[in-house]
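Read the single chain below, which is given as structure tokens and is the form predicted on its own.
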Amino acid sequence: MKYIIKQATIVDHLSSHDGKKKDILINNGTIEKIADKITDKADQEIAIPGLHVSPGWIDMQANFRDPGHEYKENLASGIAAAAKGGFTGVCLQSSTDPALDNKSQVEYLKKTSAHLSVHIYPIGAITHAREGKEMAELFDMNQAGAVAFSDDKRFVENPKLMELALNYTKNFDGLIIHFADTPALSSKGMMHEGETSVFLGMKGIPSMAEEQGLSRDLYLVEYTGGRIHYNLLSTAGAVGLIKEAKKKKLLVTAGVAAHQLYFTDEVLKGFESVHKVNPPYRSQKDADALAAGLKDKIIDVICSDHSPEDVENKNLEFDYARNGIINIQTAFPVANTVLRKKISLSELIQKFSGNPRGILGLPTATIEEGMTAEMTFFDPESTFIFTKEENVSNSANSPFFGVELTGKVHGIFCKGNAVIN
């Protein structure tokens, strides 16, 4: 099948056409021609005012709740939401039921998603059943297709076990993705510990919970020479620790969820449970430090932290509500809204595309003739209001309904087909 993409601005620092407005001809999933004007006949023409195209985006932190809680999200609904959000690949976390901690579970995800429009990259658990007691079958999961290992938002408290995992994964260039925390400090916390939590009378989660857990890990990384990534930094102190670790040339990379850039703990004065997330929204100082960390290339990745929850678990009093928001459809526009005047568009796209691919060891995607077409269509200047009607997730726990955002996603090209919003 032939597609022609008309007059799209190419955003790809690896491409010889970077920054240029071009027509792109795709034939049977391969980029056949890039030119100022293409007049060939095609089965489908994609012509959208203000269209930009980049290598396909990768979400390094998402939950689709399959298997175990498919009523919250299943692979089909999650992938539909991912395509709407511009993602051609999604890393699925291990916190399924049962946990993604063995070869069979990895194979299930790969097989079940093979026919769907977006690539699924399983993240296997570090420990059996995510219980933090014994190491899971890391090598077997790697051979089956797991791209990394994480206990999702559970901190591996046993330092000897984490040392073992960091050493073991070195044998096959595996990647540990960890959640920086100190459970003894964060346990039962509802929100960021600060002036707002005191004002509201809610138990806080101190910044040092994240920073102390991160510090411990960085000692272990330096000791073992292992490789580690943090998807969900939330504090200014954590950004500083990553900066120092990179100065030491440790094999450390980091990411941030888009909503951590947009919201601060001030929004919780309304006690709306849709804003209950982990890590919690922090102070404006922290949000500014995260944005600066992205600009200074201390933070490498922006992710969605897509965490679907049903009404029964989310629409409760704040204390009893589950953590999490859906964000895979809105991650790019949220980040773009905050960062568009702080970093270049090319740098922003790197946080969604090139950097995740490099960290995960995925094939490079670039917009050049002869390359497999895997790309995202978007307009970074277009504004829109995200509505419940546009949401295709099985869940509706989004804090962005009714919010005006800048940066509209128009779809993706992946696995030989275009999915246009």
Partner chain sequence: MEQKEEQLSTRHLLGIKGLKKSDLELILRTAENFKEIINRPIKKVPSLRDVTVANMFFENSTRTRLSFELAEKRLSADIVNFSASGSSVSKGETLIDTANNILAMKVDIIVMRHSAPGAAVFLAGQLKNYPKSAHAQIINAGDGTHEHPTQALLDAFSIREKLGSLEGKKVVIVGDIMHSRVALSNIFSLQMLGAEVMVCGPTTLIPKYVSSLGLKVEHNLRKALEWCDVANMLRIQLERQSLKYFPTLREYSMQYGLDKKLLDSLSKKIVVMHPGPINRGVEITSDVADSEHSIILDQVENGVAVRMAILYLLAGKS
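If you're wondering where the values come from, they're calculated on a predicted model, not measured in any experiment. Positions refer to the first chain, counted from 1.
The form predicted in complex with its partner chain is left out here; the points below concern that form.
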| query | finding |
| --- | --- |
| Position in contact with its partner chain when the complex is considered in the model of the complex, options E347, E266, D310, D319, heavy atoms within 4.5 Å | D319 |
| The unique member of H115, K341, K188, K249 whose heavy atoms fall within 4.5 Å of its partner chain in the model of the complex | K188 |
| 4.5 angstroms heavy atom contact with its partner chain in the model of the complex for N315 | yes |
| G201, heavy atom within 4.5 angstroms of its partner chain in the model of the complex | yes |
| 4.5 Å heavy atom contact, D288 and its partner chain in the model of the complex | no |
| Non-hydrogen atom contact G255 with its partner chain in the model of the complex at 4.5 angstroms | no |
| One stretch from 190-198, 222-230, 86-94, 131-139 that, in the model of the complex, holds residues within 4.5 Å of its partner chain by heavy atom | 190-198 |
| Residues in 243-282 close to its partner chain in the model of the complex, defined by a heavy atom within 4.5 Å, in order | G270, F271 |
